[in-house]
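Let's start with one chain on its own, the form predicted on its own, as structure tokens.
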């Protein structure tokens, strides 16, 4: 179940309602505002993980709103929505605090891709600030350890011999060494039946690896 809160700021009622409908259909919790001033007030009550902000609005425009959002709500990702998709506008939006740029008219899938990308980047940034994250990332510089995490994620729970057979590694000493390393970094645990499984930290780390892989492939 998706629980991320998204704020949509656009004075165009038809477009605003359309964006809200698309995002809610996908499972997001959405708050909508017609003006930048209303958006600032709404964010004081419920800080969203992502804000989609229209560039041209009566009163305070999107460009003026962006630095205010970044100053008071630095963790919130921002996607600028505009009808003027020029390089200069894109650069100006990024300099004002936008994390991404969506040009009108855009398709449903383009909106969803931009939203998912922004939320994944935010999730990755949050996980990087958690305690011991540097040590855990260093631990996963080894390919066998990454394979162990991926295998446990797929299988849920495995005994030692099942892991070695799945990985196709005959050197049990090597596998045992890497399992101990993962345990020491709190990425996997072992129960009384001697079965290994991912910890919550291990699941988060695997998410980080997936996001890193996506970034590298872009």
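Take the two forms, find the largest set of C-alpha atoms that superpose within 1.5 Å, and that set is the rigid core. Given the structure is predicted, the values throughout are model-derived calculations rather than measurements. Positions refer to the first chain, counted from 1.
Below: the form predicted in complex with the DNA, not depicted.
May I ask you to check whether residue 159 falls inside a 4.5 Å heavy atom distance of the DNA in the predicted bound form?
Answer yes; at least one heavy atom of residue 159 falls within 4.5 Å of the DNA in the predicted bound form.
Considering only heavy atoms, tell me if residue 70 and the DNA come within 4.5 Å of each other in the predicted bound form.
So residue 70 does not count as contacting the DNA.
Residue-level contact is defined here as any heavy atom of the residue lying within 4.5 Å of the DNA in the predicted bound form; does residue 186 satisfy this criterion?
No, residue 186 sits far enough from the DNA in the predicted bound form that none of its heavy atoms falls within 4.5 Å.
Contact test in the predicted bound form: residue 29 vs the DNA, heavy atoms, 4.5 Å
Looking in the predicted bound form, residue contacts with the DNA do not include residue 29, since no heavy atom lies within 4.5 Å.
With the DNA left out of view, which of 119, 92, 112, 144 would have a heavy atom within 4.5 Å of it in the predicted bound form?
None of the other options qualify; the answer is 144.
Counting any heavy atom within 4.5 Å as contact, can you tell me which stretch out of 30-38, 148-156, 55-63, 186-194 lines the DNA in the predicted bound form?
Every other range fails; the passing one is 186-194.
At a 4.5 angstroms cut-off on non-hydrogen atoms, which residues of 146-178 are near the DNA in the predicted bound form? List them in order.
The stretch touches the partner through 159, 160, 161, 165, 171, 172, 173, 174, 176, 177, 178.
Did residue 162 shift 2 Å or more between this form and the one not shown, C-alpha, core superposed
Yes, its C-alpha moves 2 Å or more.
Residue 56: Cα shift of 2 Å or greater between this form and the one not shown (core-aligned):
No, residue 56 moves less than 2 Å.
Hey, does residue 18 budge by 2 Å or more at the Cα between this form and the one not shown once the core is superposed?
Comparing the forms between this form and the one not shown, which are aligned on their rigid core, residue 18 does not shift its C-alpha by 2 Å or more.
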